[in-house]
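Form predicted on its own, single chain, as structure tokens, below.
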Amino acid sequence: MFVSEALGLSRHASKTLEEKNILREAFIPHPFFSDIIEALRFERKFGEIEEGTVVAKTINGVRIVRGFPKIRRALTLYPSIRKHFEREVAVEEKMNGYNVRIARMGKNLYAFTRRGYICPYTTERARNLIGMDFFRDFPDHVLCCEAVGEESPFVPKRIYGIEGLDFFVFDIRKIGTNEPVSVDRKIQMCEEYGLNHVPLLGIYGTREAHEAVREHIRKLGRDGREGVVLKDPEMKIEPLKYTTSETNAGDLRYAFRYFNDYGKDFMFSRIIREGFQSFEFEESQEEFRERCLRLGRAILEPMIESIKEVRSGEWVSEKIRLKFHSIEVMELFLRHLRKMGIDYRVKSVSKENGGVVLHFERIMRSTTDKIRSHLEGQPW
């Protein structure tokens, strides 16, 4: 198996990999992916190999794109920063989108989602927005980006003022080892090659960092932003992430809108974050009351909206608008959605400014069926 050879796995490890069915196809063979002969992704973590790692047999040989390492979360700022970092901590904005790795294979760029799928839509956008100059000079590096904007198939957001979709680099890593460049070097490389990067909010000593981060979190929350990622400036220590209350509430609002399609852990963890943040921020009674109202509304309002939709005979769904440069890639993307197990319904396809605009609904069948059964008298 070319995957075992590329990763240097033992015979026993190779057998285990096969028995546990960890490897899955990473793409749909198509001329749009002309550089790739075969590509497999790791459905879950395997030893030191991250979930989402892709091993691809290309026209230029085998390439490994390591999965993005899971970032642990700080629930308290003061003790976590003091315990985790040594002298300094770089504070970057955590933008609200979906995680994408962009790498060159053969003559073209390819975009890999967190789970290791090669996404046609994201790949088309990457080829149009990110030049090849960086990859000509650094062919063995991967750009780790947040894909943000209104035309997102996974996390559409208006808060950044991006009508379409754009990429913001948060890490630059070696493609086969995941070794990152330093924070300063990343910014330097992005500016040299005209790449967007996530905002660096500051670099602080560990003794005073928690106060600075707290102020950043308050401001980001007021602006509807997601939160921060705390990094060792030299990237020798694993980063931590921390989110705003407004983002926690926004996540809950989304989850309870589709409550039977999202796991209970997703919801529970965000409520726990709210408790620790409220405690550490030493809120006034009015601030605490606002947090409680925000949390309660985020849970109840979207759920009631879904119940009303089902009662009126509709499906609970998420409405999405995407623009493609070609109808061929649009059709490939719809096949990609089916491969991912996403239930969708195309509402319209139209031509606009030389491109193709797709309006579709992602059907949340489990939530719809659950609500319908209860409205018909089925007990919990």
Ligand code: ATP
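One-based numbering along the sequence shown. What you see is a predicted model; the values in this text were computed from it and never measured.
The next section is about a form of this same protein that is not shown, the form predicted in complex with ligand ATP.
Novice: Considering ligand ATP in the model of the complex, which of F170, F85, F135, F259 comes within 4.5 Å of it through any heavy atom?
Specialist: Of the candidates F170, F85, F135, F259, F170 is the one lying within 4.5 Å of ligand ATP in the model of the complex.
Novice: Would you kindly say which of M95, A209, L295, I130 lies with a heavy atom within 4.5 Å of ligand ATP in the model of the complex?
Specialist: Of the candidates M95, A209, L295, I130, M95 is the one lying within 4.5 Å of ligand ATP in the model of the complex.
Novice: So, V229 and ligand ATP: in the model of the complex, are they within 4.5 Å at any heavy atom pair?
Specialist: V229: contacts ligand ATP in the model of the complex.
Novice: Please run the contact check for R73 against ligand ATP in the model of the complex: heavy atoms, 4.5 angstroms, yes or no?
Specialist: Contact with ligand ATP, yes.
Novice: Answer for G355 alone: is it within 4.5 Å of ligand ATP in the model of the complex, judged on heavy atom distances?
Specialist: Outside the cut-off, so no.
Novice: May I ask you to state whether S182 is within 4.5 Å of ligand ATP in the model of the complex, using heavy atom distances?
Specialist: Looking in the model of the complex, residue contacts with ligand ATP do not include S182, since no heavy atom lies within 4.5 Å.
Novice: Where does ligand ATP sit in the model of the complex: which of 62-70, 22-30, 337-345, 41-49, heavy atoms within 4.5 Å?
Specialist: Among the listed stretches, the partner-contacting one is 62-70.
Novice: Has each of E146, V198 and K241 got a heavy atom lying within 4.5 angstroms of ligand ATP in the model of the complex?
Specialist: Yes, the whole candidate spot contacts ligand ATP.
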